[in-house]
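Below, in structure tokens: the form predicted alone, a single chain.
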């Protein structure tokens, strides 16, 4: 057995595996593993996480589901042409992109699909189990990076919940990096609770809300009264197109507004508007206009502008979450991982809303992952149920 074969490999099963975020995740991981680029943006590569037992970037294996058929190498070339990936990177990591492309399976439901919810969940779970067996993986984490879907209006499971149910059935930890329903559907509450699996989410905090989670506590801690907080987002790409649907935009905005409500102890006037601007591609601009009162009622204004590349902001967080959740699964932790709220607009489980406090909790989680397993068990499982099942033996 070679040295590389002796290192346990960990799967990252991406929902929306041919989208911009997923493509950037795969290409970026390959680039860092090859030493072509430093791990900028990966919190798990900073000193506090040394010794936490996280899987190495070189140990990650990628696959996933998607409903589109544009191959990953071609998608990467398009992202490089748009300035999202460095020029020449798709060619440098073409082998890794091709390997991941071979592990992508058709998602659903597609137009005209006659399969029942049970049929779809069973098919998706079988794809994930086959991925684990085929790659001889120690475990796999399912991460939803597909485009935002509208909130469900009936009892039927939306696509994000079908994939989440499949993750549970395959025995895999689940991370929802989107505002979509996922495990939040009432029908999945009991299966999630009894699965013995860790899960995290919801809606990755990459730009405007990241800034809000810093500024909100600042106003509160300095005893400044915020009268109004309004925002506008201009974005293109697949996310811009999906958020042109008012129902999908409402699901996205809920997390942005919740951060203010939690950090300001009340909801100020104002709301967030999202505009689809296809010409922006994978780039986005977010403006915030904050009206607040100072000493003796003096009225003041703070305005911020955030311009960023959504995929480049999201990809390192996805890698962080996959590594942290895989390690939590290895340690036998189960249930919502509230300590990962640092990464989300709408975290599962209890925890603070301010970024500084969330970071402190994340560092505590890193120390917890370093701890030795409890005697007589897999170690530290919250529900007392060992993690199981996912071991060896849509478009963004």
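Positions refer to the first chain, counted from 1. Since we're looking at a predicted model, the values are computed, not measured.
Only in words, not in the display: the form predicted in complex with another copy of the chain, which the text now covers.
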* **Partner contact for residue 46 in the predicted bound form: another copy of the chain, 4.5 angstroms, heavy atom** => yes
* Asked: Does another copy of the chain come within 4.5 Å of any heavy atom of residue 40 in the predicted bound form?
  -> yes
* Asked: According to a 4.5 angstroms non-hydrogen atom cut-off, is residue 64 in contact with another copy of the chain in the predicted bound form?
  -> no
* Asked: Heavy atom to heavy atom, is residue 200 within 4.5 Å of another copy of the chain in the predicted bound form?
  -> no
* another copy of the chain: the contacting residue among 277, 123, 99, 264 in the predicted bound form [heavy atom, 4.5 Å] -> 277
* Structure fact -> Exactly one of 307, 130, 194, 116 comes within 4.5 Å of another copy of the chain in the predicted bound form through a heavy atom, and that residue is 307
* Segment that reaches another copy of the chain in the predicted bound form - one of 152-160, 289-297, 133-141, 71-79, heavy atoms within 4.5 Å -> 289-297
* Asked: Within 308-339, which residues have a heavy atom closer than or equal to 4.5 Å from another copy of the chain in the predicted bound form?
  -> 308, 309, 312, 313, 315, 316, 317, 319
